[in-house]
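Here's a solo chain for you in structure tokens, the form predicted on its own.
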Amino acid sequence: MNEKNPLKETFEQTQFQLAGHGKRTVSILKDVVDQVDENIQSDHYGAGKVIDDFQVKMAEFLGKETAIFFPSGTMAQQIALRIWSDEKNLKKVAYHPLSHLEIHEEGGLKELHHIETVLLADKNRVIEFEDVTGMNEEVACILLELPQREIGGQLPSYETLEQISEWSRDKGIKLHLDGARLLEVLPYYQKSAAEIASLFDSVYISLYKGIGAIAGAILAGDEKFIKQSKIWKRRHGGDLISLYPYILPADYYFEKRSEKMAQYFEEAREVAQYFNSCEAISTLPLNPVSNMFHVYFSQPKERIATLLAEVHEESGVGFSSYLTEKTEESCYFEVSLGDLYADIPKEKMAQAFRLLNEKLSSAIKP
């Protein structure tokens, strides 16, 4: 029997919700299919016009020779690191302690590919140039995640990226970009995707995280790299007989939302100011560097869950459906701005935050 979750229940019942593009329902696919010529031929085991055209489009967007569509980013990134490890005949790579590969993939890189990992930097900050140059072990590849999701979407400076790129090439070390949310950081860096990707030997981007498609990923690089990627994709079972149900929405939502990232970025900074003006709340980063950030409460999770549920019911604005405990006396949730925020009337938004601040102020009084 499922236990009741008042925070989730009240969030789902709100008229307006703070983050995201909306519920992930079948409409994500239906809205696309209704506009597509029903006579378009399906792709077939990784080949065909529908997949070829999209891969060319993504390669051009990223400024790479070629690109390949994967059903998941987990598959794409493990394969990228395997290729670079095999090329150097050295099964050792380096990345952040809170990399997706390290904490969310059940040790797939180690268990499936027998690749050792070197963890760079303290887990609470981004990788800096000194972390890379201070490595005591030789590696085949360094992976950088932009933005670093688990620490609120923080970013290194662009100058740091350039330094790491130049140093890696001088040392014969490949540089791979975990750019699951690459589109979301373009407004902050004031660079094109191709400019950022040029610093890396291989690049992965997600096709659902920022743009809100169903699933899928793009892996891009030079011809030799992608040729090997195709072989490994087949070995991993990634060449489904047809992938068009993923590719068509990816193309549609890429066109619809890729140019809106600057809007989401500015809105994230606005929302962060709202949160930082409240008692016992701080955001990480203080000033967001993308459309995402973390909201921290210096109060126990149970107390904040009850308080947020009340705000949901009384204001009609949903802040979050969950909370993650940081310590016994603190908790947080993640915010990623999307299409929904623009639908919230400004006065409604201000009212919800006033209510939140009032309840927090009362809760922390001695």
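Every value quoted in this text rests on a predicted model; they were computed, and no experiment measured them. All residue numbers are counted from 1 along the displayed sequence.
Below, we turn to the form predicted in complex with a further copy of the same chain, even though it does not appear here.
Student: Looking at a further copy of the same chain in the predicted complex, do all three of I28, M75 and R82 come within 4.5 Å of it through at least one heavy atom?
Tutor: Heavy-atom distance to a further copy of the same chain in the predicted complex: all three under 4.5 Å.
Student: Of the options S42, T324, S298, T306, which one has a non-hydrogen atom that comes within 4.5 Å of a further copy of the same chain in the predicted complex?
Tutor: Result of the distance check: S42.
Student: Looking at Y208, Y252, Y274, F225 here, can you tell me which has any non-hydrogen atom within 4.5 angstroms of a further copy of the same chain in the predicted complex?
Tutor: Contact residue from the list: Y208.
Student: Tell me which stretch of 60 to 68, 306 to 314, 329 to 337, 29 to 37 has a heavy atom within 4.5 angstroms of a further copy of the same chain in the predicted complex.
Tutor: Among the candidates, contact is made by 29 to 37.
Student: Does a further copy of the same chain get within 4.5 angstroms of any non-hydrogen atom of Y188 in the predicted complex?
Tutor: No, Y188 stays farther than 4.5 Å from a further copy of the same chain in the predicted complex.
Student: For L286, is any heavy atom within 4.5 Å of a further copy of the same chain in the predicted complex, or not?
Tutor: Outside the cut-off, so no.
Student: Closest heavy atom of E111 to a further copy of the same chain in the predicted complex, within 4.5 Å or not?
Tutor: Looking in the predicted complex, residue contacts with a further copy of the same chain include E111, since a heavy atom lies within 4.5 Å.
Student: Examine S242 and determine whether its closest non-hydrogen atom to a further copy of the same chain in the predicted complex is within 4.5 angstroms.
Tutor: Yes, contact at 4.5 Å.
Student: At 4.5 Å, heavy atom to heavy atom, what parts of 224 to 262 sit next to a further copy of the same chain in the predicted complex? List them in sequence order, or say none.
Tutor: Read in sequence order, the residues that approach a further copy of the same chain (within 4.5 Å, in the predicted complex) are I231, W232, R234, R235, H236, G237, L240, I241, S242, L243, Y244, P245, Y246, L248.
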